[in-house]
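In structure tokens, the next block holds one chain alone, the form predicted on its own.
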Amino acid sequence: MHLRMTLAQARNVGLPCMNLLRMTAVPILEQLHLEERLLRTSVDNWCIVNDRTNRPTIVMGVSGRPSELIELESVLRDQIPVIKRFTGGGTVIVDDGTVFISFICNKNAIPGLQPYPHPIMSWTSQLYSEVLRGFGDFHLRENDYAFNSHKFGGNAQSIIKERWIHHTSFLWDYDIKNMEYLKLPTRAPKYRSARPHVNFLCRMKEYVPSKSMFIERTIKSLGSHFLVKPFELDDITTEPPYNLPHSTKLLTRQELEDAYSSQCENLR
């Protein structure tokens, strides 16, 4: 019997594999711990999709200083968790309106892609430009994804010896009150033009018909670059070394109180 390859199968010959992990409402701290472990210990390429997190949480970059980036008094009063992640980038507050998509890749996974921040950002923006075609005036604005000049996606990266991660928090929806926990950053992108959050951000749901459509189109676009293999969370959480030390950490209340005390002292 002769086996005939479909056109789609023929195109996929020679593509690298990518494991696809789809999750729902996994706490962002757990997701970041998993991503750091896969970056450092796996030899596979991964796409991780997490539809929302379980509670409002502030996430800072690895070099972030709480006193400069968040409103410590209200964060302490309302007991908002604050995480310092293992990647660079800015500070965000995420919640049940956030969609998280992360790519963890070997440096040779994408032919011709130089493993440096700007080329990786350019490649991901081209991918999402295809995903979002017809839904708005999509742009990569400095390090942000934006419709026209309104940000809806924040990015962060880490590049190690043989691998890299690029992860994005997409604002499908957000509560404007939560944005009040964040200070206007002193090193804001130029295109922000000192706009407050309400004038700077936009909601994806106002541009894209459905969240599921966005996620499915992203996975479909990945199929142009990878052989995508669905994976289950239970298949990987038991693999060693599960107890790998994490540089991503949840800041303690004492750490936040100390930062607030120091901030108050400096204002005197």
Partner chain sequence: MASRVMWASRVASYLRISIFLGGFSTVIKDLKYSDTHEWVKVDGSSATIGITDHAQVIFIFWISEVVYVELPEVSATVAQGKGFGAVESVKATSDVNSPVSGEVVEVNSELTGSPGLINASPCIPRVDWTQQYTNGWIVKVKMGDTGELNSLMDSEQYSKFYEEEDAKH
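Numbering follows the first chain given and starts at 1. Remember, predicted model here, so these are calculated numbers, not experimental data.
One more form of this protein should be noted, the form predicted in complex with the partner chain, which is absent from this view; the next part is about it.
Trainee: Taking heavy atoms only, is residue 174 within 4.5 angstroms of the partner chain in the predicted bound form?
Mentor: No, residue 174 sits far enough from the partner chain in the predicted bound form that none of its heavy atoms falls within 4.5 Å.
Trainee: May I ask you to state whether residue 192 is within 4.5 Å of the partner chain in the predicted bound form, using heavy atom distances?
Mentor: Heavy-atom contact with the partner chain at 4.5 Å: absent for residue 192.
Trainee: Answer for residue 149 alone: is it within 4.5 Å of the partner chain in the predicted bound form, judged on heavy atom distances?
Mentor: Heavy-atom contact with the partner chain at 4.5 Å: absent for residue 149.
Trainee: Indicate whether the partner chain has at least one heavy atom within 4.5 Å of a heavy atom of residue 52 in the predicted bound form.
Mentor: No, residue 52 sits far enough from the partner chain in the predicted bound form that none of its heavy atoms falls within 4.5 Å.
Trainee: Please pick, from 101, 132, 105, 156, the one residue with any non-hydrogen atom lying within 4.5 angstroms of the partner chain in the predicted bound form.
Mentor: Result of the distance check: 156.
Trainee: Ok, 170, 86, 138, 181: which has a heavy atom sitting within 4.5 Å of the partner chain in the predicted bound form?
Mentor: By the 4.5 Å criterion, the partner-contacting residue is 86.
Trainee: So, 90, 143 and 161: all three within 4.5 Å of the partner chain in the predicted bound form by heavy atoms, or not?
Mentor: Yes: 90, 143 and 161 each sit within 4.5 Å of the partner chain in the predicted bound form.
Trainee: Given a 4.5 Å cut-off on heavy atoms, tell me which of 93-101, 117-125, 194-202, 67-75 is the interface stretch with the partner chain in the predicted bound form.
Mentor: Going through the listed ranges, the match is 117-125.
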